[in-house]
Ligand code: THU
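A single chain, nothing else alongside it, follows as structure tokens in the form predicted alone.
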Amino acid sequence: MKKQELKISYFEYDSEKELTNDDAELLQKAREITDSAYAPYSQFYVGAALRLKNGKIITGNNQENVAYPSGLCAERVAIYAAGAHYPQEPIEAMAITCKSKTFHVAEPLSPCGACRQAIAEYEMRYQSNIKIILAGETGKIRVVSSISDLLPFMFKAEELKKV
């Protein structure tokens, strides 16, 4: 047996003012879309905004359902909308933020496992990293250069594609 260690690197910013203009705009779009999330059960509102290679910004927010597994996270709403409307355009960056009516979100929250795998699929599809910008309502902002920083042992479909 051999013990292995895994490290990730990320950037941490004290405020949006430290981000590039493009990344600050993306985070602002994610913040705006949280207001129209459908979250009557959790009161937890998540917004995602992604920037395509052509510069187009696509947004999504969480959509809950009384049958909880039927809802969909903001990240996948945005990714699947981009895939449906702009199937040839790679995703360059994604900003994800959240807020709650029942508590203050002061730390960046990371996507759930299903969303991480969906983001990974689009990185593999376009053979291009997706920068991910994570923010709470206030506080620090974390940025990773690829979903592999958040999902190091991701499922890859290479074996499924063999003839």
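Given the structure is predicted, the values throughout are model-derived calculations rather than measurements. Start at 1 with the first residue shown and count on from there.
Form predicted in complex with this ligand: not shown, discussed below.
Engineer: Please identify, from 24-32, 49-57, 124-132, 111-119, the stretch that has a heavy atom within 4.5 Å of this ligand in the predicted bound form.
Structural biologist: In the other structure, the partner sits against 111-119.
Engineer: Consider E137 of the chain shown here, and say whether it contacts this ligand in the predicted bound form, taking contact as heavy atoms within 4.5 Å.
Structural biologist: Residue-level check for E137: no, no contact with this ligand.
Engineer: Do C73 and this ligand share at least one heavy atom pair within 4.5 Å in the predicted bound form?
Structural biologist: Although this ligand is absent here, C73 would touch it in the predicted bound form, with heavy atoms inside 4.5 Å.
Engineer: I'd like to know whether S36 contacts this ligand in the predicted bound form, with contact meaning heavy atoms within 4.5 angstroms.
Structural biologist: Outside the cut-off, so no.
Engineer: Going through 26-62, which residues have a heavy atom within 4.5 Å of this ligand in the predicted bound form? Please give them in sequence order.
Structural biologist: In sequence order, S42, F44, V46, N62 come within 4.5 Å of the partner.
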